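Next up: a single chain in structure tokens, the form predicted on its own.
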Amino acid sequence: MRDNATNSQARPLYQQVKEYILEKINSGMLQTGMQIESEAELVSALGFSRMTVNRALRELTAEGRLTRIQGRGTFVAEKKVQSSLLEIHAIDKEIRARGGTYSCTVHLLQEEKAKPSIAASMGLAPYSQVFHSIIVHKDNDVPIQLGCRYINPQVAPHFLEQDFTKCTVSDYLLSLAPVSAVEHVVEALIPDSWIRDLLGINGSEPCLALYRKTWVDDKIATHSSFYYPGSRYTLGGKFVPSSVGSIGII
């Protein structure tokens, strides 16, 4: 193969390199944690330029399929979990559906006075009573999500009486009343130290943060923040336009 291929219909050369590597991964020839061929070896095997090979490796790394370690080489990355962005699913079901072992640790479950910022976001009076939970969800004992939720007591008056090691917060709340509206905002960030400690990540690893508000009828039921280690999780979603020029998520 040559970088100066004349067939204008051919796939981009860097894409061919990506497909060559992905075929080995998908076939099981290369498994999680295994080192792949070096850039020089790929150049020699495929006949492409080093620039072409480098681009392919950079893109596969950005897509989470490879991990590049300075001075050691390039390795097959652990496959990330993907969670639905536009739907509300209990995380225990997501984990078990792909063959994992679910567990969680409840770090906080209490009634408290809502700070003005939380109260405003939930349409409540400042310092009115809210329920607050902080729970870390794990797959095979590895933390993959920290959920920090504020719950409107009018929607779930018996929230604090539940054992959330046996039933997820999502399942419990959805059993009380259907959600009438959902708002999602996502950002990438370096989380606060207490979040890093509970997730077991270092200070340089970014997280995906999902901020969610839910409504039951005309009441804001929950104001939640979910943190996912960037190396262990991805968020995705599928949506269908409800009409021309608009998107519906409910």
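Here the structure is a predicted model, which is why all the values come from computation and not from measurement. For every residue, the number given is its place in the sequence shown, counted from 1. What we label the rigid core is the largest C-alpha set whose atoms superpose within 1.5 Å from one form to the other.
Although it is not shown, the form predicted in complex with the DNA is what the next lines describe.
Under a 4.5 angstroms non-hydrogen atom cutoff, the DNA in the model of the complex has F48 among its neighbouring residues. Proximity of M29 to the DNA in the model of the complex: non-hydrogen atoms within 4.5 Å are absent; the residue sits far from the partner. For the chain shown alone, R68 is a contact residue for the DNA in the model of the complex, at least one non-hydrogen atom being within 4.5 angstroms.
Among residues of the shown chain, Y14 is one whose heavy atoms approach the DNA to within 4.5 Å in the model of the complex. A single residue from the set S170, T74, Q162, S133 has any heavy atom within 4.5 angstroms of the DNA in the model of the complex; that residue is T74. Between the DNA and the residues E39, E183, E205, E63, the one pair within 4.5 Å by heavy atoms in the model of the complex involves E39.
Remark: of stretches 189-197, 208-216, 54-62, 221-229, the one touching the DNA in the model of the complex is 54-62 (heavy atom within 4.5 Å). Counting a residue when any of its non-hydrogen atoms is within 4.5 Å of the DNA in the model of the complex, there are no hits in 126-163. With a cut-off of 2 Å and the rigid core superposed, P126 has a Cα displacement that falls short of the cut-off between this form and the one not shown. Put the two forms on the same core and the Cα of G73 is off by 2 Å or more between this form and the one not shown.
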